[in-house]
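The chain below stands alone, shown as structure tokens; this is the form predicted alone.
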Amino acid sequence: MKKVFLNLLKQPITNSYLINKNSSTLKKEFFYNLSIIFNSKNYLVSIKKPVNPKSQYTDTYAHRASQSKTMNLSFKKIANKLKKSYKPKLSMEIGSNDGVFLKNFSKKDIIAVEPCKNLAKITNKKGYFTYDKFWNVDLAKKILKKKGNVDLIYSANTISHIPNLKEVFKAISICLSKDGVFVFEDPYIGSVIKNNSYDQFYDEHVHVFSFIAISNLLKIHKLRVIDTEILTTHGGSIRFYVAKRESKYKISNFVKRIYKQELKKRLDKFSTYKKFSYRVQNSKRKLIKLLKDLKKRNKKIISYGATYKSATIFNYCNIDSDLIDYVIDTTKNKQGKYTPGKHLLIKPPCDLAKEKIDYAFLGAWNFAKEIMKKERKFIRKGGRFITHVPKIRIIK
């Protein structure tokens, strides 16, 4: 049975940055209702009515994973670990973006799947064979026929974007070699509950995973989790190591441990998610009050990072240019455009102290350490950051 526990109201497509605020442009902007459900049968947390992926993953997709130092290091670390542990002859990445993971492999030893044609062109030009298609059973059969079985399949922040998980795992089962390993990582519902980070819910995050939910879904396709890790990336993620039921791998002790932990935290109970929704509503009230109080004192407030997460917050809390002056972001193809839904102007990074900015809302709160290190001058001059994770507060 599927039950709604959280309604984040009308939301836009988070990667649809507007080139202007003309009436014709605003009229075309797409919105949908972001309601979150809990499936009491398999314990999966999902968007009630996902957006059509073809509307999201287009040839103008904005996100570039390689532009973050943190993510570059993270992908290099996991790539080297997987090569050392499993020594794959042929590897594949699902959701290869601009090649931040691929570049750690020899071009002849890895293939990529990336439905956003503008990103697929980037990796193809770099010499990595890339299928500019959505991952499904038909594509898995095509790859199997052309390349043979794959020993290592990796995916980061992509599997949770795909509405039909049964199709995903069936396709994996088709493509994966007998002792091959499928490794994927996505936002973790345990971290979302702990951090009150409701901005992990947006159009691309169709699902937010727990171990118990993934285990239930994999069983259908004769796959099993052999190991798992809790990560700090993206504000709290979970990494699954998956193999075929008949593979040589033993199940790690941590798998058993996390299963017990999730039951203890009641991640299999609807009441847990209902309590979370009350905390979200309280967070909204406190954030709006804080911003309004600061504005009454004529404080200049910007947002640090035109992130997908911040789009959820701004639209749910109805935060527009009356409360936040503008947004800064390092991604060049976002600069000069406007945020989806609330239409805040996105500017290049600047000297925050020189611009006489008083407060910066951490739209990219999951990169807080990186940001704080970069903005020491702003902090020394009296500038302050605002965050909503795990609660509304000013960081001093």
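The numbering used is simple: start at 1 and walk along the sequence shown. Quantities reported herein were computed from a predicted structural model and do not represent experimental measurements.
Same protein, other form: the form predicted in complex with a small molecule, not shown, and the subject of what follows.
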Would you mind picking the one in I371, L345, A353, V51 that has a heavy atom within 4.5 Å of the small molecule in the model of the complex?
I371
Only one of S277, S247, N157, S173 has a non-hydrogen atom within 4.5 angstroms of the small molecule in the model of the complex; which is it?
N157
Could you confirm whether D98 comes within 4.5 Å of the small molecule in the model of the complex, counting heavy atoms only?
no
So, in the model of the complex, is F182 in contact with the small molecule at a 4.5 angstroms heavy atom limit?
no
Should Y259 be classed as touching the small molecule in the model of the complex when contacts are defined as heavy atoms within 4.5 Å?
no
In the model of the complex, S68 touching the small molecule (heavy atom, 4.5 Å):
yes
So which of 301 to 309, 281 to 289, 137 to 145, 224 to 232 is the stretch with heavy atoms within 4.5 Å of the small molecule in the model of the complex?
301 to 309
Is it true that N42, F169 and I189, all three, sit within 4.5 Å of the small molecule in the model of the complex, judged by heavy atoms?
no
